[in-house]
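What follows is one chain in structure tokens, specifically the form predicted on its own.
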């Protein structure tokens, strides 16, 4: 099934790219169609992933709740993380919810909705490995391509090198195989991965940075941004968000400051 998820992740973006230019959709057009088109990665546990053939996860269920608040059906596209901003700029979907941390560089290309969770980039390594930023001096770190974790790793002074991988499962596998000395990713992804692999001899270390994560949408689509923010606020107010947060993380992951 992991192969199926990766196959879908590879095929769907190709379909989008060869379909020709799509028209930008303002809120009125989305509302009239009755369907909102949303992209996610499908390989970032526990936020968006496949459970058998079913696409699920914290962000998937949150997007479904937001669409319900908007009175719309939801149409999913599974797109590799590093291709999402380019596809969004080509109007292949209306917004993406795939754990995009805010950066000034990304904000040049897309707009960000209000954050739907706060997290941080965490170091993971073998029990006797480098678990602090200082200990990473002279070490090789593995990260997922085109992420804020990759950006953060490159800013750490004294690293021997940064190796990039298609996804976190590959980066984790490289660490297990001693091809890297450490792995940096989202702290909740690290926890979920280590919980699923208790015999790997790998543990979580220090946070490298704190991150605010949001849905992204085409620049200048202000009314859609307002509608998404309003729906997110309603989901947070009625208890749906808290229930999902407890279901996936056993804690409140909202940005409280």
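For clarity, every value in this text was computed on a predicted model and none was experimentally measured. Numbering follows the first chain given and starts at 1.
This protein has a second form, the form predicted together with arginine, left out of what is shown; the following refers to that one.
With arginine left out of view, the stretch that reaches within 4.5 Å of it through heavy atoms in the predicted bound form is, among 145 to 153, 87 to 95, 67 to 75, 172 to 180, 145 to 153.
Interface residue among 188, 58, 50, 44 relative to arginine in the predicted bound form, by the heavy atom within 4.5 Å criterion: 44. Using a 4.5 angstroms threshold between heavy atoms, residue 129 stays clear of arginine in the predicted bound form. Taking non-hydrogen atoms only, residue 139 never approaches arginine to within 4.5 angstroms in the predicted bound form. Arginine is not shown here, and in the predicted bound form it never comes within 4.5 Å of any heavy atom of residue 163. Contact between residue 122 and arginine in the predicted bound form is not found at the 4.5 Å heavy atom cutoff. Of all the residues from 69 to 88, the single one having a non-hydrogen atom no more than 4.5 Å from arginine in the predicted bound form is 81.
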